[in-house]
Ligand code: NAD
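Given as structure tokens, the chain that follows is alone and in the form predicted on its own.
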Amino acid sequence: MSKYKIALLDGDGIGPEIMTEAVKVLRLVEQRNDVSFELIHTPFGASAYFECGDPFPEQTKKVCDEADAILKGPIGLNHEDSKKIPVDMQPERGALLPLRRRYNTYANFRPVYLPQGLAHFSPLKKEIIGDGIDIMIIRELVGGLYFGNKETGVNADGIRYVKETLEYDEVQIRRIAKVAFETAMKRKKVLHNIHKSNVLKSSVLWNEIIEETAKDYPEVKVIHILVDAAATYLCLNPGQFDVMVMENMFGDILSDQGGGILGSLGLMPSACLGDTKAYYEPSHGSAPDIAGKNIANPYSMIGSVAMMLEMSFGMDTEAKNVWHAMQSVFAQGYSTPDLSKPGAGVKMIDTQSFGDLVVAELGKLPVG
């Protein structure tokens, strides 16, 4: 029997609610397969700051260090509550970026997946969606503006200023390029390289390394496209994209736009991989306005479980079963209040009921 230790970072807002549903799925996966999961809940984010005085406390670091994979819920507070935490200790700066830095999770996978059964969620016209949308956005996650030097102050003229550095080196670019090409080889062998080389010198180097790496993957067609054009085409013709690779900030923005064309970031799980450690998380925020109401859809959290099963534990078939189970629930006409409005013609259920239905559907599917 394979045994894995998983760190569960419940996070803030709706995090604990949707994590509960993810745990249901993991427990059923245990029953259906020759595998055992040791699940360890540990504080992370704003809730950890108020509980421990640190959004990424030492006890959590120890649990994560010893885990085979990390499953992370969304973090963050509303604007007013965020002011209760010192700026550098707020969850994104004090927990999320240090998590990425600690485990060097440089490769972020964000699937933008909209099969026909989910097409009604999208704001796009049917003729634009066509047979569905299936894009893998690969975002470099530990470089660029987010991790560059930061400086604030007042200059000699008494004017407040801020300076942030966008920095990449060829090693950082080459390793994410390799991930993107390897992913393209497993899919349609088309890679869109997203850049802004008409303005940014960082993109000039980025493109040079992409072109050098492409020589090792002659079967992959590389299409270079400016980031602003890519944003437009994601709305007008998303079907042209299969694998997209981009630097950190571009990836942050375009993957959120990907959630927009699906109809909700609640439909976007993600995987963040380094050479020795990976964590998995929903792409959306903690939604404090609906926390505790049992109306948040756990799709992105359970989808992150599916990605973990595949990418960390090699359980490809069971990962596909989890995806199929979730889509079956939607196909039967069920939805949650955060995704659908009253009168939308769906059978409205709560967070817990959605998780229960996913578990029921998964239980019907053959193993292996």
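Just count from 1 along the sequence shown to find any residue number. For clarity, every value in this text was computed on a predicted model and none was experimentally measured.
The same protein also has a form predicted together with nicotinamide-adenine-dinucleotide (NAD), omitted here; what follows describes it.
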Option touching nicotinamide-adenine-dinucleotide (NAD), based on a heavy atom within 4.5 Å in the predicted bound form, out of Asn108, Ser255, Ser286, Asn248: Ser286
Sole residue of Ala184, Ile133, Leu96, Leu118 within 4.5 Å of nicotinamide-adenine-dinucleotide (NAD) in the predicted bound form, by heavy atom: Leu96
Residue contact check: Gly76 to nicotinamide-adenine-dinucleotide (NAD) in the predicted bound form, 4.5 Å heavy atom: yes
nicotinamide-adenine-dinucleotide (NAD) contact in the predicted bound form: Gly144, any heavy atom under 4.5 Å: no
Proximity of Glu140 to nicotinamide-adenine-dinucleotide (NAD) in the predicted bound form, heavy atoms at 4.5 Å: no
Gly266: touches nicotinamide-adenine-dinucleotide (NAD) in the predicted bound form, heavy atom cutoff 4.5 angstroms: yes
Interface stretch in the predicted bound form with nicotinamide-adenine-dinucleotide (NAD) - options 233-241, 163-171, 88-96, 215-223, non-hydrogen atom within 4.5 Å: 88-96
